[in-house]
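Next up is one chain by itself, shown in structure tokens, the form predicted alone.
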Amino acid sequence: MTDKMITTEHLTKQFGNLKAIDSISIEIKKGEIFGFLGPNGAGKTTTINILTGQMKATDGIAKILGIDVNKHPVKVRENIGIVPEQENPPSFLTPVEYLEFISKIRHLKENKKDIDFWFDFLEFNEHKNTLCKDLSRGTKQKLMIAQAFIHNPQLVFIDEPLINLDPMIQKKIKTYIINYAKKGNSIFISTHVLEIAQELCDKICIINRGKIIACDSLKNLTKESKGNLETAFISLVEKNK
């Protein structure tokens, strides 16, 4: 298995005359927590949809865990975890039924212990038998985090990881993500909350109007702003309007 978890070369997506992403090239290595940042409409969601095999690129190459995502999107999704921005567990299932379903389609055997871990860890045992349609947004987000990590994937995509969660659960998840990466796994985080990116990410990539305007280690990217990611982000976006 390659140590390059994600590689893109001149990745492009065009909708009519609009280039939603314009020839972007990025690389994410084993064990990295990668922050993907940008203003609204910058191309973040389109990029994630392509990298997770939910949308085909117009041009360029994207390899996930060494797999060509345009040619083998299902194989890619079999080997990664995804936490979407919008929580969307099936309304007609309970959380425990949903995690049992995920375990079956991922061919996980005797997975009750792992399922129970997530209910305990994210503190929503009392909702394990509630229909998903009746869950709060925060509880739905806990469930989507659990389904993304339950098969211990080498690579997890997380879109706005903590937005609906209380501070105690946020702290737990941040610690879990850091420790998960230390085991050699990689995390791709897209967020508008720059404090989260500064706290968690080793490497930061900023996209604006479909183009990558900066991509470097957090340390190098914030060198001129005295370690402040918010200042660096605003300055770079303003220069690349």
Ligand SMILES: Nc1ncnc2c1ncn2[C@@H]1O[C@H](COP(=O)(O)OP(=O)(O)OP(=O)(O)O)[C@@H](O)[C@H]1O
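Just so it is clear, the structure is predicted and the values come from calculations on it, not from any experiment. Each residue number is its position in the shown sequence, starting from 1.
Separately, the form predicted in complex with the ligand exists; it is not shown, and the next lines address it.
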>> Would you classify Lys44 as touching the ligand in the predicted complex, given a 4.5 Å non-hydrogen atom cut-off?
In response: yes
> Are any of the heavy atoms in Gly60 no more than 4.5 Å from a heavy atom of the ligand in the predicted complex?
Replying inline: no
>> With a cut-off of 4.5 Å between heavy atoms, is His192 one of the residues that contacts the ligand in the predicted complex?
In response: yes
>> Contact with the ligand in the predicted complex for Ala20, defined as at least one heavy atom pair within 4.5 Å: yes or no?
In response: yes
> Which one, Glu78, Glu100, Glu85, Asp114, lies within 4.5 Å of the ligand in the predicted complex by heavy atoms?
Replying inline: Glu85
> Going by heavy atoms within 4.5 Å, which of 198-206, 169-177, 34-42, 66-74 lines up against the ligand in the predicted complex?
Replying inline: 34-42
